[in-house]
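We begin with a single chain expressed as structure tokens, specifically the form predicted alone.
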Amino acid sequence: MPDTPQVKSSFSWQIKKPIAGPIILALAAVFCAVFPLFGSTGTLRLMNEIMALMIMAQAWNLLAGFTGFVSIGQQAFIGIGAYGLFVTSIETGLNPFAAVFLGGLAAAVVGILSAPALFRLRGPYFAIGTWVLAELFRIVILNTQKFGSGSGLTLARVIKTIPREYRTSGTYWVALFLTVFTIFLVYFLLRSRFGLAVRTVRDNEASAESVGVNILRIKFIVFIISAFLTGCAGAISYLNTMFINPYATFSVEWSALLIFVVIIGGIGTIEGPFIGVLFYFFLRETLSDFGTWYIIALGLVAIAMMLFVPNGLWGMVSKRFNINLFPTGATVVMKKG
């Protein structure tokens, strides 16, 4: 009998080509860049809040939604980034807009130093460890006069050196740059081989290690990126108010808010934090006049979403209309020959 020809097969992975997401984001960024030319100061301040929270949400989603490490101590990096900006600007006179990035670097350094200890923890213990880290920095700053102790710090003296018409708009442009940078960074990171390894670690660490993924390296890089972005966002948030104190800055309410907006929007998606942040601010601006009922309404919305729409608002829309603006999922393709 003649020999049966053997067909060799090989496998590769492919990621869906980007559709409209990057184009829509680029066009929106161009429009938003000129918004300070005709927008009111109050609207710009609100936009600064929205963009700062969006950066934080994307950073937390990268850590928890795509890598599987749930943190309830992101307020540690928010506070470190904010205090880094304030202390640097007050002590050296550095332009506070430039100090935003130094605040992010300070948060990244703390992330580098704390990562070896935190990575020894698993599951809920990791989450609690991040919260302990935040509490540690809150206590240190409360008892350090150079950081203003419990009274906090203000940028009133530094901000006087900047023309009044550029104070809010300057913060806005820095926030816009970091928002666009964050989204594109997360998007292209997740579309790379590194992103495939990130999702493999999230799904099954043992399987990831068995195929040669350096789990510790993946954890470390994602953790530091998340810390840097969160630190920058914290600096922007408090540059917007020009006042900082350790009680508000290191409050666990920050992490609760991040979890809320990401879960509501759709965890594990780039679009989800967009939707969640906008939905949160819609509720805040609509219901804030109702006092404590506003907090109760947020809780009821969160419970209802987790019960009836577990994949979040974007997950529901994406499934219903088959829309994926920022595709990051990979598919395995078998090649014969």
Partner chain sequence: MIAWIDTLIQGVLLGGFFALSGLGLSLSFGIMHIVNIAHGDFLVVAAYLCLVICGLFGLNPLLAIIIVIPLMFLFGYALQKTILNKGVDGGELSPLLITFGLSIILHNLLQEFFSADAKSLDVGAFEVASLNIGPLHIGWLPITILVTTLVVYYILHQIMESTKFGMIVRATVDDPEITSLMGVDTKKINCLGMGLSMTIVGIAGTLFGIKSSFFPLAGGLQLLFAFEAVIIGGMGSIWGTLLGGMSLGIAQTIGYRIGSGWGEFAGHLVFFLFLLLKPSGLLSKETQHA
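Positions refer to the first chain, counted from 1. Superpose the two forms; the largest set of C-alphas matching within 1.5 Å is the rigid core. What you are looking at is a predicted structure, and each value in this text was computed from that prediction instead of being measured.
The same protein has a further form, the form predicted together with its partner chain, not shown here; the description that follows concerns it.
At the 4.5 Å threshold, heavy atoms of L307 reach its partner chain in the model of the complex. Y125 belongs to the set of residues with a heavy atom inside 4.5 Å of its partner chain in the model of the complex.
In the model of the complex, its partner chain sits within 4.5 Å of a heavy atom of E253. Under a 4.5 angstroms non-hydrogen atom cutoff, its partner chain in the model of the complex has V132 among its neighbouring residues. Heavy atoms within 4.5 Å of its partner chain in the model of the complex map, among the stretches 165-173, 137-145, 96-104, 227-235, onto 137-145 alone. Residues L118, I263 and I296 are all found to lie within 4.5 Å of its partner chain in the model of the complex, as judged by heavy atom distances.
With the partner removed from view, the residue among A248, I90, I159, I259 that has a non-hydrogen atom within 4.5 Å of its partner chain in the model of the complex turns out to be I259. Shown without its partner, this chain lists V198, L178, L155, I72 as candidates; in the model of the complex, only I72 has a non-hydrogen atom within 4.5 angstroms of its partner chain.
With the core held fixed, L307 shows a CA shift of 2 Å or greater between the shown form and the other one. The Cα shift for Y294 between the shown form and the other one, taken after rigid core superposition, is 2 angstroms or larger.
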